[in-house]
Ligand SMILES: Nc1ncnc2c1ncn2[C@@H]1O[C@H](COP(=O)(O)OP(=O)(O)OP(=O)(O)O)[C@@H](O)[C@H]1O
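The chain that follows stands alone, in the form predicted alone, written as structure tokens.
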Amino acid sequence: MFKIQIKSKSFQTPDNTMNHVLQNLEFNIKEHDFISIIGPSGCGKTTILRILAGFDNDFDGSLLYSPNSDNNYEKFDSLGKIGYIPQEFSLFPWLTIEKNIRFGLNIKNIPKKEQDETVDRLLDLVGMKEYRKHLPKEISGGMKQKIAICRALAINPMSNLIVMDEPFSALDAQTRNALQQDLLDIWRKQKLTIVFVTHNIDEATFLSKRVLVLTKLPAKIIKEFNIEIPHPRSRTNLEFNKIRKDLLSYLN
């Protein structure tokens, strides 16, 4: 469905030297995939998501898309076509929950009736219909991330692809675990495709169908893990903990 080919990505530092971040990095994203990307801090994980979402086009490589499963890929511009959820809470504090979800729909001039239907459907999906008139400051951190997911889904992302940059990192462990399960439920019900950056090995093992492990800078993929444990997964399962241990071994 998607093919990401990044031959190189660099940033210029204040002293005019080049910081080489990504090198010879390539992977596919299949329909209804759930891919987690892990690696050392500062190795370019967020940069990959920004390239995927179309926010960064200054790299040597290509984003390719095939609407079918025939491997006939074409270059495409992903800006505004893929749902993006950053690490920090990204809701507009002066807008109600409902208006936050409508934000992208207004930009696209979607008719109000269609907006109403979309907002109702998404609030029902995350169980938050009664909070539609609340401001972000009036709801919990976990609820804010649910609304961020709703806003990403509202734009009807290309092939239902959303990318998420450590969305649960600021939450306490109990809320984080609950939201991981909520995300899996949404992924399944909406037939989403997700690329998910995390530093948490347990989280990557619990959520993912595939995990890509990056090296230090300049980052490339050193290992890809296919996780075939069926959902729902138990964190105390022997196979779960073996995969978790194997993932950790590549980061040490």
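Please read all numbers here as calculations on a predicted model, not as lab measurements. The numbering used is simple: start at 1 and walk along the sequence shown.
As for the form predicted in complex with the ligand, it is not shown, yet the points below apply to it.
- The closest heavy atom approach of Cys43 to the ligand in the model of the complex falls within 4.5 Å.
- Of the heavy atoms in Gln87, some are within 4.5 Å of the ligand in the model of the complex.
- The shortest heavy atom separation between Phe240 and the ligand in the model of the complex exceeds 4.5 Å.
- Using a 4.5 angstroms limit between non-hydrogen atoms, Lys223 is distant from the ligand in the model of the complex.
- Looking at the ligand in the model of the complex, residues Asn177, Ile186 and Arg233 place no heavy atom within 4.5 Å of it.
- Of the residues given (Lys30, His199, Lys209, Lys216), His199 alone sits with a heavy atom within 4.5 Å of the ligand in the model of the complex.
- The candidate stretches are 43-51, 59-67, 201-209, 187-195, and the one lying within 4.5 Å of the ligand in the model of the complex by heavy atoms is 43-51.
- Residues of 156-183 that come within 4.5 Å of the ligand in the model of the complex, judged by any heavy atom, reduce to Glu166 alone.
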